[in-house]
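Only one chain is given next, in structure tokens, and it is the form predicted on its own.
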């Protein structure tokens, strides 16, 4: 049976400790006791580990054999904010598919009340990312950045060593697959932007172009915001096995 994977709260060369929600779940739901085995992520390393002590609110593991990491993809997802229940589902699946960073973006068509409430949702989004990382056995927990306006997000992402792609229903020729296939040497990271309900405005499409982003299409169908994000990441994860992205 596949071993469960946990993210250490504290660790040294020989032990790792879980506290908070992870420890509570392990103690109260899984009935943790000394001798139980699991995989534990300790910093940038992953170990087979065994529980050696269970306290009221913490679990200490003894680290044993180091195992291979399964890192997130070098993909940063700029996810335009949309209805929170569907956005939470999209974040969960984006983490499972390997997104390394998720940046919630306030777009012109983001509903005003969602934009205003987004900052207060970040902690919840980060908890969702943590649980999705554990479930998918990732070796790292993706960063969930603080929400920002699109203009700010684009202004800080002008580096030429990053391939920048915006999904746009206005694009009729260039596909996402072709964009990835045309990656240049040295472009070892990818920023991928997916729009809100209703899509990007014409002004935002122009801003992406002026900022050096390449517009790409997922095909002729109009997809929901969460479907576009998940479909694009599924496609990208299948294409990033190319040597330039390793």
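Residue numbers count along the first chain shown, from 1. Here the structure is a predicted model, which means the values were calculated and not measured.
The form predicted in complex with a small molecule is left out here; the points below concern that form.
Residues with any non-hydrogen atom within 4.5 angstroms of the small molecule in the predicted bound form fall in just one of 22-30, 35-43, 213-221, 55-63: 213-221. Comment: the small molecule is not present in this chain, but in the predicted bound form one of 87, 167, 103, 150 has a heavy atom within 4.5 Å of it, namely 167.
Although the partner is absent here, residue 225 sits close enough that one of its heavy atoms falls within 4.5 Å of the small molecule in the predicted bound form.
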